[in-house]
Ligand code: ATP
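As a starting point, one isolated chain is supplied in structure tokens, in the form predicted on its own.
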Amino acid sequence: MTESDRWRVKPHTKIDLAGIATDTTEGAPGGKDETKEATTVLLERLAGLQARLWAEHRRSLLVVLQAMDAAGKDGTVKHVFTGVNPMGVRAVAFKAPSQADLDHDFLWRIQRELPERGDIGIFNRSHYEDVLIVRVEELVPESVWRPRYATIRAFEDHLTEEGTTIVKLFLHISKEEQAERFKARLKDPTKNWKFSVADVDVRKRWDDYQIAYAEAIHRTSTEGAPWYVIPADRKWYRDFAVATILVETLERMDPQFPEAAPGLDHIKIV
């Protein structure tokens, strides 16, 4: 058993998000300060592994971030990937689909943003919006969104077979913690831009979204593309958990620096 298994959702496992604590620090090496120190060490290991992945240039890693508003998707990207080489990492935030997106199948805009070989791709929201928001807000009928679970599994199986390792992270916060973060955004002029009146409307559908997330995770957590439910009320614990998962994932991938070209030992620089 690895450290990250505590957050991993096994295939075919039904989950009840209401029964999963959002404020636990289980598995942390200590309190806040000790855990932050441990995270710093993990991020150094992550940077080294990413350098090897980039140099190897044969495979890629796709990190999918999904969460309720204010759960910390942006913060996770900022803090966990702070020390990696930006040449080999690309984050994409998926907003409301454009008309061009709507004129194609729901995976079209996702396929265009997949990481290249050697890269780490980060999706801030993703193809899962098409079984989440479209379901809760009734943008399409169930006969349209329900078959997408199978489509997503097949799509991710294909990516895995082609050399992309997929890690899917659900940042799990409580409704009470979301309220506190919304209040903080309203009080801080530098964070006002993050708040939208639409956030309040989505919050009213909290229970519906929890049900939608739970089913999406249940239907699409596979051996090759697992979901991890990250207790995210404490940001320092969230960062520790995500860093742990990514380091363990890359260590299993075990990327290697390419062999040196023959004859380098005879080259003299004058």
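So that there is no doubt, residue numbering starts at 1 and follows the sequence shown. Owing to the predicted nature of the structure, the values given are computational and were not obtained by experimental measurement.
Same protein, other form: the form predicted together with adenosine-5'-triphosphate (ATP), not shown, and the subject of what follows.
The candidate stretches are 167-175, 132-140, 149-157, 114-122, and the one lying within 4.5 Å of adenosine-5'-triphosphate (ATP) in the predicted bound form by heavy atoms is 132-140. Here is the short version: of R90, H79, K194, R181, the single residue with a heavy atom within 4.5 Å of adenosine-5'-triphosphate (ATP) in the predicted bound form is K194.
Though adenosine-5'-triphosphate (ATP) is absent from this view, in the predicted bound form it lies within 4.5 Å of a heavy atom of just one residue from E56, D69, E215, D208, which is D69.
Using a 4.5 angstroms limit between non-hydrogen atoms, F94 touches adenosine-5'-triphosphate (ATP) in the predicted bound form.
Along 63-77, these residues reach a heavy atom to within 4.5 Å of adenosine-5'-triphosphate (ATP) in the predicted bound form: D69, K73, D74.
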